[in-house]
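There is one chain below, alone, in structure tokens, taken in the form predicted on its own.
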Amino acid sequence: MKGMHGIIFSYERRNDLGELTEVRAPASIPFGGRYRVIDFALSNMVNAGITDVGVVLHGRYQSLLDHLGTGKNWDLSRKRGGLTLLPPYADKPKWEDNAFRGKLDALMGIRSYLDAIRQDYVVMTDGDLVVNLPLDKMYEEHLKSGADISVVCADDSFAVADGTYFEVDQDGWVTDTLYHIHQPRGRRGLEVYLLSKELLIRLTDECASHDQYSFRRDVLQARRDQLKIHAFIWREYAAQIRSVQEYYERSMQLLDPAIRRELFCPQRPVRAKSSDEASSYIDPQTHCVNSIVGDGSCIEGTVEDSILFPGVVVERGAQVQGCILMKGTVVHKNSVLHNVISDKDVEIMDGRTLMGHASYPLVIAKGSKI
């Protein structure tokens, strides 16, 4: 069967997301006032006509299970294929207690699943990537180029925690793969890879037999002379959510209408879990400017340059500036919040003052009462 199959990696790994990942995997972090990070990867695949998607899980995935459900919101609830959740005990018992060391380790954990893939090609992506990517166009370029592996590169060298960077020649061929470098150079890799099912299985088996587990080191770097690797250059908005600082900066960029148009283009809609919240209420006497406000919110205080998820309450006299307030956050009267990220169901009592900075935002854990 021709076409693409999707694999999303959402296993637990080292990151600098602090309190945001105490109760969830990075792919399940709320983003953009309505979405979870994994919504973008799923939407990219569905918009490209992909009907079969496997999500590789390991550690703190209950939140993700609740969010994904049967995959109905992404048109992936099907009798055959559709959305498949792949927990660590899906294949060999040894992965039940031991974290995956890398992508190849995770692929060996779902080795029997790889054999059952019906499509000829597989696109793999990390669950912590926020981008609206035309995977169908990437697929066409991959076939046209004759590459063994296509990688997606951003048109920048934005510093990302534990990032991958590619040096690319003028014809788009990758000449070197870099990581763990102090000064980013080359093009930033977005951890999106396209290759044939046959090649993926062969590489997985070869690396497993030599206890090799890192896709970028043991495939992209070590086998660069054996494989033809081509870069698909992406020149619009792309964020890899690896640290609190990046989460905050990339979220704040959405307040720019031009950035929102890049990420939420009508040709490739971003699908999300449906919400039945009522309309928001913004007091006509209050000051609410340059902000994203989710459904079901009640704004009676001052809100500037902020992102509010559904069900947020800002009482009269409260001031919120440069903040990200997740679902169910309540800011009581006369409180002042600057550069704060509040997780779900946080309550800020009367008269509190919480001050972060744009370069070091203050994060409040889920369910906290301050």
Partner chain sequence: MKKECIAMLLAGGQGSRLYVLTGDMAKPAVPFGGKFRIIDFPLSNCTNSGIDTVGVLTQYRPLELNSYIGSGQPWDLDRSDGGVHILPPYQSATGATWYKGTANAIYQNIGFIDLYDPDYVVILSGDHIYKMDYSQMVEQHKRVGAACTISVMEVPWADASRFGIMSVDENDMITEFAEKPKEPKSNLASMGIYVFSWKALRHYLEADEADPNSENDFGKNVIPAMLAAGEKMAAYRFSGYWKDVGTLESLWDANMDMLARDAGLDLLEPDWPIYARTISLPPAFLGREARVEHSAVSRGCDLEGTVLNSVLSPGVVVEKGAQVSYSVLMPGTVVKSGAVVRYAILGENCYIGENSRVGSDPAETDPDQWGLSVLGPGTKTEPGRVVPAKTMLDRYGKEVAR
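Positions refer to the first chain, counted from 1. Keep in mind that what you see is a predicted model, and the values were worked out from it rather than measured.
The protein also exists as the form predicted together with the partner chain; that form is not presented, and the subsequent description refers to it.
In plain terms, the part of the chain that comes close to the partner chain in the model of the complex, with a heavy atom within 4.5 Å, is 270-278 out of 125-133, 175-183, 270-278, 108-116. Shown here without its partner, the chain carries R260, S291 and D295, all of which come within 4.5 Å of the partner chain in the model of the complex through at least one heavy atom. In the model of the complex, E236 stays away from the partner chain, with no heavy atom inside 4.5 Å. With a 4.5 Å cutoff on heavy atoms, E300 counts as touching the partner chain in the model of the complex. With a 4.5 Å cutoff on heavy atoms, D283 counts as touching the partner chain in the model of the complex. Proximity of G54 to the partner chain in the model of the complex: non-hydrogen atoms within 4.5 Å are absent; the residue sits far from the partner.
This chain lacks the partner; the member of R223, R101, K72, K197 within 4.5 angstroms of the partner chain in the model of the complex by a non-hydrogen atom is K72. Only one of L85, L227, L255, A208 comes within 4.5 Å of the partner chain in the model of the complex through a heavy atom, and that residue is L255.
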